[in-house]
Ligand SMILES: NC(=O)c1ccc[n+]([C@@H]2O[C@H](COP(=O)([O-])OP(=O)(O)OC[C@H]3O[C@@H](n4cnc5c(N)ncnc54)[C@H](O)[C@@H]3O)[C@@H](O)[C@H]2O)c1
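Here's a solo chain for you in structure tokens, the form predicted alone.
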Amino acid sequence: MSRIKVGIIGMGFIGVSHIDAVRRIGFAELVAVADVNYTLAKKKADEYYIPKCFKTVDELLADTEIQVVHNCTPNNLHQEVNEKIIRAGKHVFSEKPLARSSAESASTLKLLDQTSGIVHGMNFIYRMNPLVQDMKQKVKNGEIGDVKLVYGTYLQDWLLFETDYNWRIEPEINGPSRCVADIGSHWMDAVQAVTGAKITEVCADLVTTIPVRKKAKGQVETFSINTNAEYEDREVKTEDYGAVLIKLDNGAHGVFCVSEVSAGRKCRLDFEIDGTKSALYWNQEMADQMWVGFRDRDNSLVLRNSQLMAPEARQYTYLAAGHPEGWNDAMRNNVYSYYKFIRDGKAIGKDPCDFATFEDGHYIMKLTEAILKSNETRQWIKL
């Protein structure tokens, strides 16, 4: 069987992570990249020995060798590029969020309904950590009893200072929500994947802690330190922080807090699932550990061990116990799950999958908009 040929559009911070993930899938072959900044794309192509480099999306999509395309562009291009990929008849793997609004993501789903055979996936990676997959199976098998409570956080500090600026701050590029759409979407997806339940009601409080930021006149890469001394003031209309009460369709209640202005917190995503028998807790900064809580016996700190995991989760872990697996490995697992689905000839809507689909992404868009509406009206919003 020949290897699946892959192209990646967008060579920014996340595009390089996609390069690494695809390279780790033995039956996938990265053959091309493209970026509106051709100099950047050519640099990455040369650095990673990628044979083809294109200046435009259309040029890459015209290459008949390419079967799968990764969309790593900024949010304002997600709908346009995803729909071009679909019209070209190629499988599509997109960065999140699926679009800037549920109207845009609904348009993409409508196009998919009119197009057969396209496998669509999204890069919600935290659900693909092996211990998160193991938690999912424990909940599914009833090991913790009925799920009653879910709660947690996703905290970062990359926008802590007024001189921190990025395209995600601008609604016309990013969309009307930043913190919730950017990192809260990951938390909501992971918790829904683990519990097997949908968040159906939300009540939110969103805060912009820095109403005016200083934008550097030169270009600054995401997560980099800005040393540019020339700035211009920009009003900020997207949130730096959010707290959201939630209700799920399995009867569980919960709350999560997200922030991009919490000093010292680099990428703290954590959540706890409380059941009637026991509780499960996971923190992605210590991804090889899972806490299990009990009322009537000692609590446990479980270290990832492939020999002791559920068979469904075992396929996503490959290092021996004691050899830590983390963010890059979850990214690889997500890409692997997606490509294995294609290789095995499976179909979205017919066969179950562990990775997030465009339908999942569309639902997250609707949740994000409900959170914005709740913050505006100061009421519970039901989907």
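Residue numbers run from 1 along the displayed sequence. What you see is a predicted model, and the numbers here were worked out from it, not measured in a lab.
The discussion below concerns the form predicted in complex with this ligand, not included here.
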Name the stretch, out of 203 to 211, 160 to 168, 110 to 118, 239 to 247, where some heavy atom lies within 4.5 Å of this ligand in the predicted bound form. 160 to 168
Hey, in the predicted bound form, is Asp189 touching this ligand, heavy atoms inside 4.5 Å? no
Should Ser177 be counted as a contact of this ligand in the predicted bound form, where contact means heavy atoms within 4.5 Å? no
Look up in the predicted bound form whether Ala313 has a non-hydrogen atom within 4.5 angstroms of this ligand, and give yes or no. no
With heavy atoms only and a cut-off of 4.5 Å, decide whether Val36 touches this ligand in the predicted bound form. yes
Of these, His91, Arg304, Lys96, Arg100, which has a heavy atom no more than 4.5 Å from this ligand in the predicted bound form? Lys96
Name the single residue among Val147, Cys72, Val132, Ile199 that comes within 4.5 Å of this ligand in the predicted bound form, judging by heavy atoms. Cys72
Within 4.5 Å of this ligand in the predicted bound form, do Met11, Ile125 and Trp327 each have at least one heavy atom? yes
